[in-house]
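Below, in structure tokens: the form predicted alone, a single chain.
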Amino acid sequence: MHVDDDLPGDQLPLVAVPLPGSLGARLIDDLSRVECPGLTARRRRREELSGASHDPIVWARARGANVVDVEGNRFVDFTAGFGAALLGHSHPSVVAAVQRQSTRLLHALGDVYPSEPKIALERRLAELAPWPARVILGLSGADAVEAALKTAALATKKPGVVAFVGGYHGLSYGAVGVSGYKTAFRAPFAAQLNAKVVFAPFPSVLAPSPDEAEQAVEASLAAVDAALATGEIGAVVVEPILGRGGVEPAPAGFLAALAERARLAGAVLIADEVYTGLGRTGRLFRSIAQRCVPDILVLGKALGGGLPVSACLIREELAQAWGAPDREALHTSTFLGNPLGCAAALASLDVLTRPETADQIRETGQRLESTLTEALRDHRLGVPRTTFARLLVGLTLEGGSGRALAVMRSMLERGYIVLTGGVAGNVLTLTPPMCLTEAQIDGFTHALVASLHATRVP
């Protein structure tokens, strides 16, 4: 197995070529001539909002917490590639599994003639579920969400779905139809989306006072009750913590109350654990840690260790709604259960389920929380609110989305990769790999304080 000896993954940033470099700029110019123009326009909008360039860097290689661009600049990735590289980029176990599988079988015949890795992965995932389970694999979190929605429709014969304001479940048609993150994502396609989706308010755990927090939970559950009372709701889909929606954890007891209401109404509760699951937030499944046992669990991101694979875990009795095996397959695809992705997922699960991995996530999360909490006490930095769920972190900034984008760019120029999120776009969302070192956390914190000072709102 080849190892990048000059990129062990635990190094601090080194930005020797100012951004954007000439090679990167040429590549981005090439990209802008052929990619969907909506993506290029997004960069322009970001420049207008932040007053800074948002030409992206072009990644060349990555290992551990480090990313190197085509100019040779080295960065520390606090996004873990949208959360997929929880174990770190190019984790040795995942790379070895992919290399072994690549010499044996790259592609099989999906649901007709499956591969050994597909069978092994589905068996492994079923063993992780809190109830006897059946599994549907996919290539993305949105794929798995759509499999869950289809399962609910088949099992309940009801078209309606309760989802939540601020929730994000992907941008394919079924998934975007239940994503309350931004109306703008749904509006152009509204005529083709499920008209029976009802959006309830998501109760923030960060309400100004206990009374207001309790009122927020009551208002959310009242909206859910009203929707369920119509008799048209077949599914309730929820993130245990809003991810892209700004790292908003559900208050204690809310998910359990939601599960009970869904059960009494004959609706299927879908827990979207694409962001929160597989250990990132401290437990294998965040929903179950909150005393909520859903009917369907949706997994992705960290599952593949960097390769595209997702899974929908379905309670056995619900899965029977798909019908007898001699009928036509209602949900499949060419690359369902791709051997390479399944091999990567099996290797990833081997590491993710080790007790020492949970210990490392806890220790890294605690170090990150204590370091950032201490540094951000200074109210002049303009960070009025912070949320920590192990390695899922939200930092709400004063100054709106423009300032958040300016901080994002300032951090990139200092060698740290971060993203913005939140419905208002004013939250720095951190989803770092578990292999962050103390030096990388300390360096990030110093860079963040400097960036916050540099972009401070008068």
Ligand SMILES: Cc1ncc(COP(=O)(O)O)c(C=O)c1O
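Each residue number is its position in the shown sequence, starting from 1. Bear in mind that the values here come from a model prediction, so they are computed numbers and not experimental data.
Beyond the structure shown, there is the form predicted in complex with the named molecule, which is absent from this document and is the topic of what follows.
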Problem - Among 188-196, 350-358, 271-279, 382-390, the region lying within 4.5 Å of the named molecule in the model of the complex by heavy atom distance - result: 271-279
Exercise for the section: Please check if Tyr168 has a heavy atom lying within 4.5 Å of any heavy atom of the named molecule in the model of the complex. Expected result: yes
Problem - Residue contact check: Asp77 to the named molecule in the model of the complex, 4.5 Å heavy atom - result: no
Practice task
Give a yes/no on whether Glu146 approaches the named molecule to within 4.5 Å in the model of the complex, heavy atoms considered.
Solution key: no
Handout entry: 4.5 Å heavy atom contact, Thr364 and the named molecule in the model of the complex
Key = no
Handout entry: in the model of the complex, the one of Val98, Ala142, Ala200, Ala153 near the named molecule [non-hydrogen atom within 4.5 angstroms]
Key = Ala142
Exercise for the section: Scan 232-264 and write down, in order along the chain, each residue with a heavy atom lying within 4.5 Å of the named molecule in the model of the complex. Expected result: Glu239
